[in-house]
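In the block that follows, a single chain appears as structure tokens, in the form predicted on its own.
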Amino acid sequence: MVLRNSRRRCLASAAHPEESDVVIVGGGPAGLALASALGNSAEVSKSLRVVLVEAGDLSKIRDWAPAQNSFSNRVSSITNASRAFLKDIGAWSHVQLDRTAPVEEMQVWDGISDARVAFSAAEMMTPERVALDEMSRLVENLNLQRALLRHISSMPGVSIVDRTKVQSIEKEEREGNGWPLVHLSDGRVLRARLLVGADGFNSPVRSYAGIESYGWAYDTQAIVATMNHHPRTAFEPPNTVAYQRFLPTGPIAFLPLSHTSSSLVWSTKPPLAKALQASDPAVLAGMINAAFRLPEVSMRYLHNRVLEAHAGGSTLLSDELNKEIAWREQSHNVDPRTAYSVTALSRSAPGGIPPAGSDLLPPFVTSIQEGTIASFPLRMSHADAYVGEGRGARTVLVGDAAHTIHPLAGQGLNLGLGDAEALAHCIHTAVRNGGDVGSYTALAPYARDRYFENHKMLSAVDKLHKLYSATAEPVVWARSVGLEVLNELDTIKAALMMSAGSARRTDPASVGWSVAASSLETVARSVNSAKSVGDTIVGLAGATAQGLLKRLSNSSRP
């Protein structure tokens, strides 16, 4: 009898689907941000019914209440542009700010040559010539998702259907352009004027729309964890600096969360990631400290020691690792009075006068927060289109359903929030003009606004990953010269930070002309003062780097 009644409900739902103006599949940050933006608009909420469908249990996120000094291992760098969007839609006020940390400076260096570039918020100004306090803000993904859910809970025009899977999507059979019918696991069917895919890399919405995606998996695995360390002293910079070292096996990043906690994102080869994840957390902590301090040749040796132990069915012991590190430091003549000595730092008491070079390196990791070590594969992908056509009409993609990116620049979540902002603007414009929010005409501006912007970021990050994976001496020399030259050009660095979202999204033309004008003035002054040297460096490094990037790009094509 129960099965028969359930069957009847399914047939009734298929015969009489629920009318929905916007159906968002996926309850991640991008999907929730879009729902929040639509619900925050008085015009949109009055005119449209918005439904968000999520397979997981969102109540766990809504009720998330971690201990004060405990942090999640999935953290994102929310740029100023993304934060401005979240403030505009009213969601940022729901973020628990005492669990966030500003990034005021970034230290990035080559793992082989030690060529270094520093980015600072103090070097940046908005187009209105207003100085910025921070480049971005580190926020736990759960903190952001909880904030968006709390904001949506006050919106009568937005409904959330969680713990419910999308079973199938089919096109409505009727004359003209039929709407998508979304069949849910609870038996309901949603008829969507506009179907939004915010459902991740393996997007059912993208499959329904018939949109192909290109890209590749990297031979790289990301290790994430929450690290504990002593607070910075009065003689050191505060824990508001992000550090990233590019090793040939992949970049390792140290991201501030609080005075005594930071987040790890270490991209490395899959076998090493597996071995480190299986090791004692003390071994991982030791390897992190070494990865930021020891020469690359010694890191290769330590990697092999970890891999050999794992292949033999055991793990490298913490004492064994410490002895190996001490021996490597002696062979490299590492001064124990500097912050580059892992052995000396492990024996020193916290506080007091810091060792030389402590401003160039992250805090010494004392332990790993229990239960936070995890890893996941990395890939780059980009959908051929963001808006469906033909039988896939009335569909649009945002976030990871449209693109995935290597985490080395911390742009993945920000690209998704940028998508949500642009799509919400298109939907609002269509409503205001009395248009059809699911029509290609209404959605085309979204694709024009976001596709090329996302493609530029995806391409740049992919090339950076390939460039810093190389170990050939000419390649290392070329990229090191480029990095050191870049470090002297504050205007160009500011332009790079603005393009990465450190300044609020605004009119691209005005920003571009402002940056270009300032850049030309800087270059002109440099050339006038040292023309011959400048011509040699720029010509040689530029030609080498351009040829290298072309070869790397061609090598990745099928």
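Being a predicted model, the structure only gives us computed values, none of them experimental. Quick note: we count residues from 1 along the sequence shown, nothing fancier.
Beyond the structure shown, there is the form predicted together with a small molecule, which is absent from this document and is the topic of what follows.
Note that among 82-90, 276-284, 405-413, 457-465, the stretch whose heavy atoms approach the small molecule to within 4.5 Å in the model of the complex is 405-413. Contact check for F376: a heavy atom falls within 4.5 Å of the small molecule in the model of the complex.
Heavy atoms of E140 never reach within 4.5 Å of the small molecule in the model of the complex, leaving it off the interface. By the criterion of a heavy atom within 4.5 Å, V387 is excluded from the residues contacting the small molecule in the model of the complex. Contact annotation: S76 falls within 4.5 Å of the small molecule in the model of the complex, judged by heavy atom distances.
Though the small molecule is absent from this view, in the model of the complex it lies within 4.5 Å of a heavy atom of just one residue from V53, V50, V44, A37, which is V53.
When you look in the model of the complex, the only residue of A420, A198, L195, I427 with a non-hydrogen atom within 4.5 Å of the small molecule is A198. Within 4.5 Å of the small molecule in the model of the complex, a heavy atom is found for every one of G28, T164 and G399.
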